[in-house]
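Read the single chain below, which is given as structure tokens and is the form predicted alone.
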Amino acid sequence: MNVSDIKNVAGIGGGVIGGSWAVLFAMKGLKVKLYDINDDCIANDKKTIEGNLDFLAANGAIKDRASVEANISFTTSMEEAVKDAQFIQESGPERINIKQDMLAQIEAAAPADAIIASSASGLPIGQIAENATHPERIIGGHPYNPPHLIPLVELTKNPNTTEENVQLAKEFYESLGKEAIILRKDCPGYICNRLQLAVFREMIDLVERGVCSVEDADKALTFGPGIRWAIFGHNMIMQLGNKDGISGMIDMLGGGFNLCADIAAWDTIPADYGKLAQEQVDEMMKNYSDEIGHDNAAIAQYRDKMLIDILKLHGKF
């Protein structure tokens, strides 16, 4: 099977992630059947998808909203969802036993050559696929939220996944405008979760030690490295930061003030940080401009508007 053969996609599980995947597939002209467990869940999925489409249309990210919406159908039958699919994106709850059960149902009804990708955000794909009939066609396809906007997808493989299927999945995601990266070996949490958690640990440590407030820690990240990271990754930032490139930067850092010796090294998030941070985050949200908003829903919409502008600069819209 080639990428050009993939015309029909099944989304298994709706919600925030599954509904967002469905929007992306539909935006790219694919026919999507979205499965969920009952009519109430389907109703919620439709509401989520309609909200995403309204937002995209209002911000010029899609021109023909009706045609995109027409590409999505809904079902509570697993067999109906997967029977004609060439690519299947599972987005069920992050529980090994649930994902294994869903995978068994998918394999019982899906075409023998369909690629099955799990949106698992940290679970080893080997455990998810350990009871699979066709583990060679099962991969991890971990998106970043929301998948219809954030380009990144992390590909993981189980010991039996064929290289051919990994490359087919990579090419398929890239045909959707995704930036697909492949983990060469199993790693808990994958790549991005580990990177962002390392930064978050240091932010927590700085706040807990009284070095700065929650708001100033966020500002430092947003208006310092965060702006550069929206353009290049940190290796390239280091390359541009020294006349001798990244090797010169490492020599400079290694030969001078050893900041790494003072970086947080604890391995359990302090139990009191949630209460401490929540009070300051609530105050920060209250003091945002009306343009940004003052509650989660409004601020998330502002975030997504900014994401679209950034993605336009990257040629993703």
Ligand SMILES: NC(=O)c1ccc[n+]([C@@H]2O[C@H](COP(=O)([O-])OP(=O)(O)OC[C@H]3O[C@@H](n4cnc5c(N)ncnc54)[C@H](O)[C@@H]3O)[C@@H](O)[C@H]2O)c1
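Start at 1 with the first residue shown and count on from there. Quantities reported herein were computed from a predicted structural model and do not represent experimental measurements.
Form predicted together with the ligand: not shown, discussed below.
Chemist: Within 4.5 Å, heavy atoms only, which of H142, R137, H148, K157 is in contact with the ligand in the predicted bound form?
Modeler: When the ligand is considered in the predicted bound form, the option within 4.5 Å is H142.
Chemist: Looking at G241, G233, G224, P93 here, can you tell me which has any non-hydrogen atom within 4.5 angstroms of the ligand in the predicted bound form?
Modeler: Contact with the ligand in the predicted bound form is made by P93 alone.
Chemist: Tell me, please, which stretch of 116 to 124, 158 to 166, 208 to 216, 241 to 249 lies within 4.5 angstroms of the ligand in the predicted bound form when heavy atoms are compared?
Modeler: Heavy-atom contact with the partner occurs in 116 to 124.
Chemist: Examine A85 and determine whether its closest non-hydrogen atom to the ligand in the predicted bound form is within 4.5 angstroms.
Modeler: A85 lies outside the contact set for the ligand.
Chemist: Give a yes/no on whether V199 approaches the ligand to within 4.5 Å in the predicted bound form, heavy atoms considered.
Modeler: No, V199 stays farther than 4.5 Å from the ligand in the predicted bound form.
Chemist: Could you tell me if L183 has a non-hydrogen atom within 4.5 Å of the ligand in the predicted bound form?
Modeler: Result no; L183 lies far from the ligand in the predicted bound form.
Chemist: Does any part of C41 reach within 4.5 Å of the ligand in the predicted bound form? Heavy atoms only, please.
Modeler: Result yes; C41 sits at the interface with the ligand in the predicted bound form.
Chemist: For the stretch 1 to 30, I need every residue with any heavy atom inside 4.5 Å of the ligand in the predicted bound form, listed N to C.
Modeler: Residues within 4.5 Å: I12, G13, G14, G15, V16, I17, G18.
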